[in-house]
Ligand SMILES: C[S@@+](CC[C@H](N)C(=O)[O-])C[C@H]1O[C@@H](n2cnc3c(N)ncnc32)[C@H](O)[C@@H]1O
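The form predicted alone is given below as one chain in structure tokens.
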Amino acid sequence: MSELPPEARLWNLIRGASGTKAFGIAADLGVADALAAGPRSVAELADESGADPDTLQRILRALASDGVFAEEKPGVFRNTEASELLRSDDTGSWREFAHLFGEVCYPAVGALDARSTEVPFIRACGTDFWSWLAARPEERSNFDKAMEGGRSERADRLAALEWRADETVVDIGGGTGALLRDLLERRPELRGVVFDLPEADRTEAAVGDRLTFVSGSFFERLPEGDAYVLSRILHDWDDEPAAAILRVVRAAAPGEARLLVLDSVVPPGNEPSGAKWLDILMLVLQRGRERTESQWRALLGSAGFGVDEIEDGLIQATCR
């Protein structure tokens, strides 16, 4: 852990909410796209985006102090390597994440109360997270795109595993199908089924009849397959609903089927870990959670799976 003065540690936490909001505003205004061709004045940026010039200048100045944008001279800003990731043509989904954290999740974080077990998102927004998304197609689309962030690395990780020819891989809660499409491009001997709610975005292209989409709830039923992928799904849920999902998987799975969970494994001790902060977001949205190794083993075991290998980002299990 890097050495910082105690006051600096506390200040970094105090300013965190302001940074999240500023980050989300800059992403939503498309500032990184507007600066793609080079430095521009705040006056121009504000005129194009409809923002107040003084407010925008102060937001960009604050972000520039942390290396997101840079002020070339007073009132003139340019992109940095960090802000380039916010461009709409970047494949990393940072723009979508910035909106998700800075706009959608922001009110719910403010509703977090350690004295209450009420779901903060419901307290702030009047309904549960998934119902809120279902009623807002644009937000659901943004969420699905945000969840695609890092999919190339996840697809590489899955593709590196041993596979038999003609195995059918079921991506549970697979959204647009992007992760499974990437896997099938790397492993053309496989077939895929993307299973998600009817309102999920779909991109039925590039792999022909080797990829199909099935609509439904993973709390009710799942299609049969040789391997089941849960990518960033189980961390959305507390242990009881997560176990319910896993029991549905186990009921659908043939005896030799594999389960591949792409989720964080929270490390022990006090070392910095993004998973420890992501755990707070999961708590806020619907009392989901990131899990330690022992928690993963207990959860999977309770639903009839045995853990074969476990590492941060990939847990491999089989039916018992």
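Residue numbers run from 1 along the displayed sequence. Predicted model, so just to flag it, every value in this text is computed and none were measured.
What follows is about the form predicted in complex with the ligand, which we do not show.
Asks: Using a 4.5 Å heavy atom cut-off, state whether Pro107 contacts the ligand in the predicted complex.
Replies: Flag for Pro107 set to no.
Asks: Against the ligand in the predicted complex, would Gly173 count as a contact residue? Criterion: heavy atoms within 4.5 Å.
Replies: Output for Gly173 is yes: heavy atoms within 4.5 Å of the ligand.
Asks: Heavy atom to heavy atom, is Arg154 within 4.5 Å of the ligand in the predicted complex?
Replies: Within the cut-off, so yes.
Asks: Examine Leu161 and determine whether its closest non-hydrogen atom to the ligand in the predicted complex is within 4.5 angstroms.
Replies: Answer no; every heavy atom of Leu161 is more than 4.5 Å from the ligand in the predicted complex.
Asks: Pick from 108-116, 231-239, 88-96, 161-169: which stretch has non-hydrogen atoms within 4.5 Å of the ligand in the predicted complex?
Replies: Looking at the other structure, the answer is 231-239.
Asks: Taking the ligand in the predicted complex as the reference, which of Ala124, Leu197, Ala134, Val248 has a non-hydrogen atom within 4.5 Å?
Replies: Among Ala124, Leu197, Ala134, Val248, a heavy atom within 4.5 Å of the ligand in the predicted complex occurs only for Leu197.
Asks: Can you work out which of Thr212, Thr80, Ser217, Ser141 has a heavy atom no more than 4.5 Å from the ligand in the predicted complex?
Replies: Contact residue from the list: Ser217.
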